[in-house]
Structures are given as C-alpha cells and as structure tokens.
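One chain comes next, on its own, written as structure tokens: the form predicted on its own.
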Amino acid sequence: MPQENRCPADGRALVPVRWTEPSAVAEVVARCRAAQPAWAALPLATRQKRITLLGRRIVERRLEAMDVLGDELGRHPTDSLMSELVIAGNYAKGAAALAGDALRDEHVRLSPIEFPGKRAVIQRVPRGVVGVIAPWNYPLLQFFKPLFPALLAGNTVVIKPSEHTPRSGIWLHGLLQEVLGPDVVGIVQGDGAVGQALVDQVDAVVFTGSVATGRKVATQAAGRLIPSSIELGGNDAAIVLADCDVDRTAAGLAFWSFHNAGQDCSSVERIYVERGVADAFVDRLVQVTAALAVHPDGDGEVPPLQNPAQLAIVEDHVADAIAKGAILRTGGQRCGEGYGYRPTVLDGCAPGMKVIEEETFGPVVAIVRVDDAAAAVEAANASVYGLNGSVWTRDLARGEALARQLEVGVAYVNNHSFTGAIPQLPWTGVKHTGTGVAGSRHAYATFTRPRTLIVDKGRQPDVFWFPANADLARLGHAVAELGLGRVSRVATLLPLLARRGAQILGLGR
C-alpha cells in the first residue's frame, strides 16, 4: 500500500498514488529498452529539437505544475515558478546546445610509421536505459538535470519519483510522453524496494538523496558493473570576511539559507564570520530573517518542511544547539497548520553541535564567530560534506584565493548555489556529498561509453604479422632505436619493410 501524502502547508490528505510492484519494474525497463534503438537512431539535431521543445512545453504549462508542486511541497506558486519551472526552458536549450560538443566524434592521429594506413575515431555510445531516482525537495528540477543529457545522448530513461512527491513525477511523465512518444521515458512509483528493483535492471543510474541510501545504490550498481552518478547530502559553509558588504551579504545568505525552507543539499547551513564584523552582520541577518513569511501565513518566501520526519530533524538539531550553548536569535518554532517552521538563526555555535556536524536540511543557519579567514577555511573544510562553499568579501582577489582552498565541488565569491541551474557547469561534490556530476560535458561519462573505431585503408599487411623470424627481430630493434632517436632516417627501414611484406603474404604457400 502506498504511504499517505499530505499537503505540508495545511495538512490535508492528497489523493493516493498507486505504487509499482517491484516485480513489475523489469517490464517497464524492457519497454524502454525496446524503444531505445529507434530513439538513438534519430539524428542528434532531432533529439536536440525534441528536448528544446520539452523545455518549452514545461514552461508553457507551468500553471499546472505550480498547482501540483503546491500540493506536494506546500510552496507558494511564485516559489515553485522561480525554483524549478522558469529554469526548465533555458536548461533544456543549454543542454541541447552542449550536446553537440559532448557527443562529437573525436579523431585521433596515429603514427604513420607504426600504424600506416589507419585512422581512429572515438565515438560516444549511449549506455541503453538510464534509471533516474530523484528526491522530494525539487521533484521536477532534480529530473531535468540528468534527464535532458541522458536523452540527448540517445538513451531511454526510467524515472522514479520520491514516494513523498509522486504526483509531480506523474505530471512530468505525461508531458514527456506527449513530446517524446511512448516508452522513451518510463516511470515507476514507490519506496526503496522499487528503486532497488530499478537499479537491478538499468544500464546506468543517477541517484540524488541521502548518504545512507546513496551508499546502497552505489554498492548495488558496482556489483552489476554499471556506472552510477551519486549526489548526496551537504552542509554548505559560507565565510564572511570583515570587509564584506554587510547588507548585500546578509540578504544573499538569508536567501541561500532559507530558500525552499533550507531543503536543499546546497543550502548554507554554517556561516563562519570574522569577529570584526560579526555583531553588525548577525544583527542584519536577524533583521532580514525575521521579516520572512512562511507560506501560507503571508507572501510565503519560505515553504513549510515537506514531511513530519524532516520537521522532527530540524527541531532536534535546534534543541541540541541551544542545549549546548547556542543563542537563538530568531525563529526556532513551528507555525501554521502543516509542517511550517520559522526561519532560524543560531548564534554562538561551535563544533560538536548537530547543526555544525550534520545536515539539517531545514530553515536553520548556524553562526560561528572566528578570529580570521584562515580559521574560517579550516573550520569550513572540517565537514564530512563538500558540495558548495562561498567567501563574501569586497577584496575579490583575496576572496578567490580563499575560495580555491575550499574542499567543495563548486566554490563562489559573493554568491552561492545558483550554478545548479547552468547546464554548462559541472555540479558535483567531494567526501560524503558523493561522486555525482550533473551538468556540463563531464556528466556524459555516466550516460555514454567511449567506443574506438579503427578503419584500415592500407593494402599491405602489418609488418608484425606472422611469420616470427629473424627479419621481424631486426625490424623490432630498428623501430626501438628509431624511438630512441638513434636512427635518423626512416628510409633505412624500407628494404626490411618490403621484405617483411613479402614474407607475410607468402606464408603457407
């Protein structure tokens, strides 16, 4: 039986969605596998047009998606519009434009002496059927990022939405069928058992979610010898230097801490601020944070938590920090009829608190006051996670130098996190954040494999073919000396090469 889903904003029950039986997953994958050769046979230009059209259709029908996302995430419609839907069109166009370079044949020049008459091409071959397992925090955007390049590469895809947000997946799948036709993209619904069954059937897998589940997916994929792209948690740090623009920095970090209620693997959860500016910065951040409304109480800059389990984690982390000496500056309490929680600023935080050591994944930011930038970088890098990191300063050269020291996949100066919406840039991390790469040509390693094609137009046999005789040994030594620069003229080898050709063609006569 599927689990009950409720709207996070008001607690009303949503219409249940039927789950896929794990035993039925193989049939869905088989249909997509049967459709894959025809999809891959389409010219790349045709696939590019289809994906661009898909992005356009998503934007055109954004009002439908805003309603679905409102039900499943409790978001204000404008929040969903800006977080996921506006991005779709440009992301699709950008991904389509990028595919030409990412998938182009690579011609390799071979030595005419060692490999006469031969040419080599490295092709990018689609894997086959790609499984994409997405989380609930951005239930459309987290599909766009792997789905577009996987399809552009000539794969078919099976998507598995989170069991917390199945309706978003249904909406997207319906649109995919309209634009791409049947079985180019399939869908399965359910919990971890369905995801496990999917990994057992596909040729590559993209997973975004928790560290614990990501380890299982990576292990399962490795056991089947299929590639996996695994993007896991984050505990992003921002470093605020004494020379920062306090107003702009507070506005930016409030956004990147509380956007989507902090339910973002790249949300800023830790802020390391130099003592010289700490009082002014924290005061301003508290002012900005206290003015934010939680949907549906007001304009709704901040949605509620998506589910009661996540709300419980947030409450536990805040209580732990306060018990260990943190100062609650604003927020720290539930609100509304659903799973709302007021944006929270905790000052005076320190190592050992859950808000520092673990991923909160909620509207909570922890302030740590440090003596200098070196201490801030050291503390930021002490995390087991490494997705995004940022430095906020007026001195751009110093900021860039410090950002280069951060152990993260994406580093920023005076901003944070937004590059996840840019298909030309790799979105990746280190440590417990996982091995996944979304965006850029680097992502195609998951969706394609390299295949070498050799064409030999030479009419003569290769000189190393049988028979193995004294002339072959002489030729081997001559080539070795040539490689060492001890033979200056290739012409000296011509008589030996001619004799070898005659020996090879005459063998067995």
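We number the residues from 1 along the sequence you see. From a predicted model like this one, the values you see are computed outputs, not experimental measurements.
Form predicted in complex with a small molecule: not shown, discussed below.
- Comparing 73 to 81, 167 to 175, 338 to 346, 215 to 223 against the small molecule in the predicted complex, the single stretch with non-hydrogen atoms within 4.5 angstroms of it is 215 to 223.
- In the predicted complex, every residue of the candidate spot (Ile133, Glu163 and Gly209) has a heavy atom lying within 4.5 Å of the small molecule.
- Using a 4.5 angstroms limit between non-hydrogen atoms, Gln142 touches the small molecule in the predicted complex.
- At the 4.5 Å threshold, heavy atoms of Trp427 reach the small molecule in the predicted complex.
- Heavy atoms of Gly195 reach within 4.5 Å of the small molecule in the predicted complex, making it an interface residue.
- Asn137 belongs to the set of residues with a heavy atom inside 4.5 Å of the small molecule in the predicted complex.
- This chain is drawn without the small molecule; in the predicted complex, the residue among Ala99, Cys265, Val129, Val302 with a heavy atom within 4.5 Å of it is Cys265.
- Screening Trp392, Phe148, Phe258, Phe361 for any heavy atom within 4.5 Å of the small molecule in the predicted complex leaves a single hit, Phe361.
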